[in-house]
Ligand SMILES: Cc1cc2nc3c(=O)[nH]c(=O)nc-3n(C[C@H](O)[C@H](O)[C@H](O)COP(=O)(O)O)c2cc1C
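Next up: just one chain, as structure tokens, the form predicted on its own.
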Amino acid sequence: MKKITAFIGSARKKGTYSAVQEFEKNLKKLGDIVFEYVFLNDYKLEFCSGCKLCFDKGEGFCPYNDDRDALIAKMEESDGVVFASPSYAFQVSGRMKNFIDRIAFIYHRPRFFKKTFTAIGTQFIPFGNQTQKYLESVGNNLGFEVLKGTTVIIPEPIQEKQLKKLKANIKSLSERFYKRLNMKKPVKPSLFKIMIFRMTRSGLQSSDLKLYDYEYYKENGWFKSGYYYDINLGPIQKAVGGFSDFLGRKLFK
């Protein structure tokens, strides 16, 4: 049994909700799935004040006592995660963006490895997919194994032709997501991801500022590992990693 959690950035239970419901329906046809909806509108999340305490000292120093940690726990307890948002002014909704801002410290200390992630963007216009692409980049930065999502067109009222296309897109995404969800071996990181990891850790070691990121990397053994998690790297990946270590020490010294 796999647990999937969908985080929805819409205040209305209409187009975006319908797309995620279609996703759930298709997934449950493929296997034993537990599916949870998280409507961000139902949770208390203060606006980020930019104090940087979560970055510099750790998330425990955040001045707000709200539902942030409960939402993070839902991701930690899931095998797969979906971020879904309507397009507002060609970007994610304000609710979704504030949620991302509040967990942005995880960009520095990624943790959701070996968990499958995808994004669903919904919009009225039949071109562009900025919302989907942005959410996919968020998933990568949080540490997830990101599967390319989809953007579906949902005008009001939706016509039969558009509804059929929506269902076809979501069905395809569901099948790809389920396949990735059940892969036993973790996906090998790209060369770019290896470079980012190795440059970051070398920079932390070289810097005179010993922020919380340094302690986090040390606690996880990342100063001695080839990547965030145990995986066999090929000769080219190892060479790129070694060069990135050197580059990180030079740039951040």
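Quick note: we count residues from 1 along the sequence shown, nothing fancier. Small disclaimer: the values here were computed from a predicted structure and weren't measured.
Another form exists, predicted in complex with the ligand; not displayed. Remarks below refer to it.
- The single contact residue among P86, G149, G139, G80, judged by any heavy atom lying within 4.5 Å of the ligand in the model of the complex, is P86.
- When you look in the model of the complex, the only residue of L71, L181, I154, I106 with a non-hydrogen atom within 4.5 Å of the ligand is I154.
- Not one of T200, S202 and K250 places a heavy atom within 4.5 Å of the ligand in the model of the complex.
- Partner proximity in the model of the complex, defined as non-hydrogen atoms within 4.5 angstroms of the ligand, places exactly one of 106 to 114, 170 to 178, 139 to 147, 89 to 97 at the interface: 89 to 97.
- Proximity of G15 to the ligand in the model of the complex falls within the 4.5 Å heavy atom cutoff.
- None of the heavy atoms of Q132 is located within 4.5 Å of the ligand in the model of the complex.
- For the stretch 114 to 146, the set of residues having any non-hydrogen atom within 4.5 angstroms of the ligand in the model of the complex comprises T122, Q123, F124, I125, in sequence order.
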